[in-house]
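Just one chain follows, in the form predicted on its own, and it is written as structure tokens.
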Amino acid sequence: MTFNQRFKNVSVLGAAGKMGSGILYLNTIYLSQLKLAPENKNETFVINAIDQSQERLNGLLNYTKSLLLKWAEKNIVWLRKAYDDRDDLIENGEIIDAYVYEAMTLIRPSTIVDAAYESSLIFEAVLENIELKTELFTKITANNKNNPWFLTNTSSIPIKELDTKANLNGNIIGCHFYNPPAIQKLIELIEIDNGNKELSKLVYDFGKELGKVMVPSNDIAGFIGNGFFMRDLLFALQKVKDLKPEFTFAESVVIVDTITRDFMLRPMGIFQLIDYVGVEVCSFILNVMNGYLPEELHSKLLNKMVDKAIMGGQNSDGSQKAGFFTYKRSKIESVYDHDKGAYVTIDEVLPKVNAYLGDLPENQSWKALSRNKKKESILEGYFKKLNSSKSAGCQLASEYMQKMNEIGTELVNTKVTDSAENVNTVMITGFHHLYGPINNYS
């Protein structure tokens, strides 16, 4: 079976979720282009969008259609060539409408897993639960005669564990898309020993066609991205503890968040990032990793927040749910004070925080530097000033930078990845940092 034949019938499990919806869209783009190739115009391609909720599947179709429309508008030159044999399509709008209609006909929504029984490729993006994943994989392989290959979007569970529990005989690969998959360029690829090499080649070719940056990670729980992020998170929580009793819990959170955003020139502070990913999600990932690694990786604080239903993550309209912070129009409005068990306004906290931190080394911002072609030389000068400053904010940021370098280096030393370049690429491409953690700035 050729790679194109593998793509003739694809299933996406968890298709209406945050990650699954993006993965479904990417498959629709890929398959629609295959379908438009002259040699494939008489071929049938199918994408089974499988999710438990029919309501969410209805929303998924609207979401996918809107993204396809934007893609078609940006790629009208390519589409005009692809449809040059259609004399009935003259105007750009007609071509765009024809493409979107034909692309949408590839998608077959379903609320039952049976829809995957004819698929040769299975993209899995269900909950980060090993029992659920292995149950689905086992059920599909038992009822599927096409020797399906599995691409799991797990961000923490070792792939070999899934392979063994579901008895997949190496026909599985970790294909960790970053959120949101439709926009994010990064895919972490996790191959297993004695895994299917043809599957690996298919995934690399698939990612290349979609313009993704493919970074290999070894099969160690958490891989590169969460391997770094979870340890970054735990260090931030430790710094919050260290800042007491001089500061309240809320003040300490804002201090560390400000350090990691403004002083270290990141797009989000560490606690904003935890809220975005989800307090509950971070707690769960830590607990998963903790079960596979020799070091202790867990947070009683996050667990307690989850117990109090402080979950983080996003609402259905894309707005941010309450976590360490509450938000109004994407701006921080209040901060959770664990000591009080309640939120306090950010305005109550900032005066003392700002007085303690002091001024930035110079007036730089992540947003401005992300578009600046001279950012490397600017960053070198900026961090030279930061490291030489005696202000509390600069000293704390310098200490934090050194710890990030240590975490990144440890990922290489413990064979999570084979190079410092891979660590830096994941953090720059997947987390949108201006620089990798393994650097000469600290």
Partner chain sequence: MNRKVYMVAGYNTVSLGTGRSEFHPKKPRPGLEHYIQEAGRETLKQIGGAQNVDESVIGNFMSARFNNQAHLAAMIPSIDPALRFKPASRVEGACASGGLALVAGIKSILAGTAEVVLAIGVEVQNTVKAMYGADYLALAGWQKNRKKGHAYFFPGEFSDRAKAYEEKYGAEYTRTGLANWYKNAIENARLCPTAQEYENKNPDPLKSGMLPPNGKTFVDHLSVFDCSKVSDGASAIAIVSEEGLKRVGIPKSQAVEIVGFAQVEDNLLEDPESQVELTATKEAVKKVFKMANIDKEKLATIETHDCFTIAGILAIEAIGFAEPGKGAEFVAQANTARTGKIPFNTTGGLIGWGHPTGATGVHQAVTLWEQLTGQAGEAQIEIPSNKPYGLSINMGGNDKTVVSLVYKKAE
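Predicted, not measured: the structure shown is a model, and the values here were computed from it. Positions refer to the first chain, counted from 1.
As for the form predicted together with its partner chain, it is not shown, yet the points below apply to it.
Just one of Met214, Leu297, Leu89, Ile220 comes within 4.5 Å of its partner chain in the predicted bound form, counting any heavy atom, and that one is Leu89.
When you look in the predicted bound form, the only residue of Arg80, Lys244, Lys201, Lys208 with a non-hydrogen atom within 4.5 Å of its partner chain is Arg80. This chain is displayed without its partner chain, yet in the predicted bound form the stretch 70 to 78 from 70 to 78, 193 to 201, 363 to 371, 137 to 145 comes within 4.5 Å of it by heavy atoms. Within 4.5 Å of any heavy atom of its partner chain in the predicted bound form lies no heavy atom of Pro267. Residue contact with its partner chain in the predicted bound form: Gly313 places no heavy atom within 4.5 Å of it. A residue is said to contact a partner when one of its heavy atoms sits within 4.5 Å of a partner heavy atom; Ile96 meets this definition for its partner chain in the predicted bound form. When contacts are judged by a 4.5 Å heavy atom cut-off, Glu131 does not count as touching its partner chain in the predicted bound form.
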